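Take a look at this single chain in structure tokens; it is the form predicted on its own.
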């Protein structure tokens, strides 16, 4: 005589059957992308588009700065590290010492824009003038053709890839003046410059909006054409880093970012496609 199944047993069996029939829905593939706040908008937009096309994928994107993302990867994190600077030699050595090979993926190009308040009449600065401002040698806007008044220096924090790239390209290794206002994210830096007519800052092209004004550097404006052509002097690649060649979901996602669809999203976010 067949025994009647209890409700709880029946529910468990139904769940088991559904898990067998629909394994992708029962066990989603997961991926974490972590690091640069500059690359963050690209990662979020491409992850959302990828998940729409791949409902079984679960991708989460975290900020924290390029240094934080690379550090997590070096320490063994199962992530994609997003970075607005190249991985440093000592970081690569540390990772290799742990038996893990860093692999670099250039996903976009960026022109680092020098920004001021829209009311600031200054339209152009040379690289030397920008360096002198951030080193504290030029302290008043009248020294560079602006309205007389103290220059408020706004910078990204020292753990940021944007900070590292700025110091390498613009400062040529020279320290930024300790009186600068350091911001933890590109969004916060934009807010600081938008709120102060005396401020100057620097951000990736994807963060430009009507609240701030990007100025020319050496007479060249930060545009896609000027970055691709090499005319804009503060340009850089944007990176994803993986431990070894990516596999599974990580590989499919990175392939999507580098596909025509993914590169269109890169352009929509205000950055420069690499393909």
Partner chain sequence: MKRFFRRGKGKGIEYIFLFFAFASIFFLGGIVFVLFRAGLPILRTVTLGEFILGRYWRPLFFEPPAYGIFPIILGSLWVTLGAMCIAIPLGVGAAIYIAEVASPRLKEILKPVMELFGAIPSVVYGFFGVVAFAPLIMRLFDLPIGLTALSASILLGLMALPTIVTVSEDVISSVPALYKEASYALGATKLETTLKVVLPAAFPGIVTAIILGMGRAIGETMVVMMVAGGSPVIPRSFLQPVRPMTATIGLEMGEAASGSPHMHALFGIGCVLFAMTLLFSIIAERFSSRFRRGVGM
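Since the structure is predicted, the reported quantities are computational estimates derived from the model, not experimental observations. Residue numbers count along the first chain shown, from 1.
Another form, the form predicted together with its partner chain, is not on view; read the next lines as being about it.
- When its partner chain is considered in the model of the complex, only one residue from 190, 181, 109, 138 comes within 4.5 Å through any heavy atom, namely 181.
- Among the residues 103, 158, 169, 98, the one placing a heavy atom within 4.5 Å of its partner chain in the model of the complex is 158.
- The candidate stretches are 42-50, 63-71, 245-253, 219-227, and the one lying within 4.5 Å of its partner chain in the model of the complex by heavy atoms is 63-71.
- Although the partner is absent here, residue 197 is a contact residue: one of its heavy atoms lies within 4.5 angstroms of its partner chain in the model of the complex.
- Mapping the unseen interface onto this chain, residue 93 falls outside it, with no heavy atom inside 4.5 Å of its partner chain in the model of the complex.
- Contact annotation for residue 173: at least one heavy atom lies within 4.5 Å of its partner chain in the model of the complex.
- In the model of the complex, none of the heavy atoms of residue 202 sits within 4.5 Å of a heavy atom of its partner chain.
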